[in-house]
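One chain comes next, on its own, written as structure tokens: the form predicted on its own.
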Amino acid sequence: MPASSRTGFQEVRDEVLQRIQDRVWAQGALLPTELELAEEFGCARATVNRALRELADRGIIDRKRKSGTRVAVTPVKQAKLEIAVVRQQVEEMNAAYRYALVAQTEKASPDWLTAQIGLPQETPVLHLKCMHYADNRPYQFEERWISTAAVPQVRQANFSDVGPNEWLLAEVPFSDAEITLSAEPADPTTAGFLDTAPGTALFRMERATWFQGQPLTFVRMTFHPGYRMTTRY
């Protein structure tokens, strides 16, 4: 960003976000000081401070007195319902966690996904199917689509050992999310994965995430019979 052309706090905020997305500043990296950023962008220090405060409120960066400002290690948008790591959920139940990649393919975005999250037509997406287990019992069936245009590094990711949920939280910041909760009858495929009868009512969570208006991923998570979710405000 030229030092003399864009000096509003929104422009500073967006440039910092872009550098984080481009991995100029990786997770955990120490950002330049407010004074250094103000000099680079040709603006007042107060402008930089406002931009960084907004990013901190979103959970993109961590700001601490004396130790400076760093890119958040697992950046999440601060909301009433945070994105959870499935492995941690299972371990908090004092259960042994196990993960399995069922299928992985890259293809053009289907029409319903294009309409659902605003992807351009024919955008390539990575389609993943995964299983999560607690003490070797089915816990969650995950079906996910990731835009390879927005997250090109996903093509090099190895999802044999780490699930896409955990990988995305560690690798890709997001600025907006939409979550839908529902009870759905199990179709034969999902019933098979979750070891239940077709037609069984199952708890389902669908989540879409964006970064600065660009669609990143859409996931459909279906949980074992009897699953309960508790959230605290």
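Quick caveat: nothing in here was measured; it's all calculated off a predicted structure. Rigid core here is just the name for the largest C-alpha set that superposes within 1.5 Å across the two forms. Residue numbers run from 1 along the displayed sequence.
The next section is about a form of this same protein that is not shown, the form predicted together with the DNA.
Annotated contact segment (heavy atom within 4.5 Å of the DNA in the predicted complex): 28 to 36, selected among 201 to 209, 161 to 169, 175 to 183, 28 to 36. Contact between residue 43 and the DNA in the predicted complex is found at the 4.5 Å heavy atom cutoff. The DNA in the predicted complex comes within 4.5 Å of no heavy atom belonging to residue 18.
Taking the partner from the other structure, the DNA in the predicted complex has a heavy atom within 4.5 Å of a heavy atom of residue 69. Among residues of the shown chain, residue 49 is one whose heavy atoms approach the DNA to within 4.5 Å in the predicted complex. After superposing the rigid core, the C-alpha of residue 31 moves by 2 Å or more between this form and the one not shown. Core-aligned CA deviation for residue 43 between this form and the one not shown: 2 Å or greater. If you fit the rigid core between this form and the one not shown, you'll see the Cα of residue 224 move by less than 2 angstroms.
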